[in-house]
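Next comes just one chain, in structure tokens: the form predicted on its own.
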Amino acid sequence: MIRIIIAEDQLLLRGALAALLSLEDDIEVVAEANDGLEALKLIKLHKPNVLVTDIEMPKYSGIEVAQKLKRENSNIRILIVTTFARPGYLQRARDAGVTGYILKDTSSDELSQAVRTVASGGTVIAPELSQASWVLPDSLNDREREILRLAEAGKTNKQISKALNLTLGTVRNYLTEAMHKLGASNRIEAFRTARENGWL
């Protein structure tokens, strides 16, 4: 029996995924999480074989959950089910140890087969994303990503420096470096480029 946890912040979709996968004789949904933090707690509690997770969720994204589990040397397998066919997301997911990445318009049969493949140690990547493996990799570091997210949220450099306990000059340096890496002429263009590529 493959024991899974589903992490998805949209209640209707989470319920649909759970109902579909519960129809399979060899798959058991042991818990459902509304956000990344809850997913981590439930994983420790239930010790499932597979986490089926969305990317964009409150508290921790699916990729951040995967990164934390990788740091903990967890042996749980991770299948991302998302609407985002973004190369940057796929690359970051793979770097975090994710071995399954499929889109939400996948059929129920393909979904259950993806769970089985990931659970058995295999890799599943949506055909639509096969070209994504050839794109330029994400060159941003975690601090640059964090600062760009705050800039995207409308924070000024001064507010960012206070929020992250950094000097104003350090924040400017990180933003300048991020803009340089992204070929952007200003912070707005930088966070838009990063967002469109799935690097945030």
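Numbers follow the displayed sequence, beginning with 1. From a predicted model like this one, the values you see are computed outputs, not experimental measurements. For the two forms, the rigid core is made up of the largest set of C-alpha atoms that agree within 1.5 Å on superposition.
Although not depicted, the form predicted in complex with a further copy of the same chain is the subject of the following passage.
Note that among 39-47, 147-155, 164-172, 65-73, the stretch whose heavy atoms approach a further copy of the same chain to within 4.5 Å in the predicted complex is 147-155. In the predicted complex, residue 10 approaches a further copy of the same chain with a heavy atom inside 4.5 Å. Mapping the unseen interface onto this chain, residue 115 falls outside it, with no heavy atom inside 4.5 Å of a further copy of the same chain in the predicted complex. When contacts are judged by a 4.5 Å heavy atom cut-off, residue 17 counts as touching a further copy of the same chain in the predicted complex. Among residues of the shown chain, residue 123 is not one whose heavy atoms approach a further copy of the same chain to within 4.5 Å in the predicted complex. Interface residues of 62-100, taken as those with a heavy atom within 4.5 Å of a further copy of the same chain in the predicted complex (partner not displayed): 81, 83, in sequence order. Residue 150: CA moves 2 Å or more between this form and the one not shown after rigid-core fitting. After superposition on the rigid core, displacement of the C-alpha of residue 34 between this form and the one not shown stays below 2 Å.
Once both forms are fitted on their core, a CA shift of 2 Å or more is seen for residue 187 between this form and the one not shown.
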